[in-house]
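Shown below, as structure tokens, is a lone chain in the form predicted on its own; questions about how it binds or moves come after it.
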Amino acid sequence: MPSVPLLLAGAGHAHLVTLQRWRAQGYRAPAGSCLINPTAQAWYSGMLPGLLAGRWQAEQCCVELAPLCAAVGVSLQLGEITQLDANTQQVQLADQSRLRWQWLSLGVGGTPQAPVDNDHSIALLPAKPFAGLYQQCRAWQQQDAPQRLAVIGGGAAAVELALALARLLPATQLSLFSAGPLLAALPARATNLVRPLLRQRGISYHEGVTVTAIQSGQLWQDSQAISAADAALLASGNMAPRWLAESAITCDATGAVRIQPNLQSSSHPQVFATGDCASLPDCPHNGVQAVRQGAVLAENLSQVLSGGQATRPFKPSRHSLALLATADEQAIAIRNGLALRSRLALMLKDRLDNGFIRTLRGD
């Protein structure tokens, strides 16, 4: 069985930043280190709503992994992990091959989950992985778009995608279902800006509605049918891959790895985790936090790979600037309880998004 000194599982944002920082520092990973990812490209989630809204081309929103990996001595292996045994330090891939690792860093993200009670009468499309979402939405644009599309979720991602899809699929009737208040994690000012936008774009929104079942072409909340739909976009209830919860690593209720501030697993110090598949108190799951974790991960991994200790802690930012795309010539900037929709906010978002992609490409 092949053995590697470092296995990077998944091309999450933190792993991309780690590779970029190592390249900038001239650091080379130990010989034999490997990145396993299902695809040869990594998509930047912050640009996906703009891509669906027609503001970007696909090649502007993703990064080729091979050059980034090669620059730091990491090999790229295309594959999908199906089993992980943290005690024996082994992974198994979908092709049944196995790999042993000395250090493991997890950046495999998560996937929104469909209601358990589901008779498959409605086509379901998870918001992640992004490549699949983009391909399906483009197919809908070309032919056979659903007449009625439900977006299940009420966070920033769900709102951005609903606004983008209203532009991509103008003939489709869109409805958004939020289990709690719309944009509950953001200031009330942001919600007050979004609600009129949804109405203007013809998107009906329903707050305090939890979709618990899909039966006979209907979305249900408990025993009450709440809406008919031809397709549903799942943009809430993110769950880590099932094999993580079965790996012997201590995980939370969503299957995400419980980590310490230095990003190491609380139960298996040979394992690091970042992004949506990691669980750290007071750290929300979003792209901003995952990108910031990348700098800490890069330093701590290089320390342990050289025989030292992972000493740098990650401190979640409570006052990060959030930029919410609205599928037009403006965006909403949110910080410190304030929110403002403007062209300037979109210019800033474009500059940051493009800058991130260019940095990863080494431009």
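Note that residue numbering begins at 1 and tracks the sequence as displayed. This is a predicted model, so every value here is computed, not measured.
In what follows, reference is made to the form predicted together with a small molecule, a form of this protein that is not presented.
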- Query: So in the predicted bound form, does any heavy atom of residue 154 sit within 4.5 Å of the small molecule?
  - Reply: no
- Verify the contact flag for residue 290: yes if a non-hydrogen atom of it lies within 4.5 Å of a non-hydrogen atom of the small molecule in the predicted bound form, no if not. yes
- Query: Does the 4.5 Å heavy atom contact test between residue 146 and the small molecule in the predicted bound form come out positive?
  - Reply: no
- Looking in the predicted bound form, any heavy atom of residue 53 within 4.5 Å of the small molecule? no
- Query: Going by heavy atoms within 4.5 Å, which of 115 to 123, 208 to 216, 101 to 109, 192 to 200 lines up against the small molecule in the predicted bound form?
  - Reply: 101 to 109
- Query: Any chance all of 38, 46 and 243 sit within 4.5 Å of the small molecule in the predicted bound form, going by non-hydrogen atoms?
  - Reply: yes
- in the predicted bound form, the residue from 128, 258, 167, 268 that sits within 4.5 Å of the small molecule by heavy atoms: 128
- Note on the structure: From 286, 89, 172, 227: within 4.5 Å of the small molecule in the predicted bound form by heavy atoms is 286
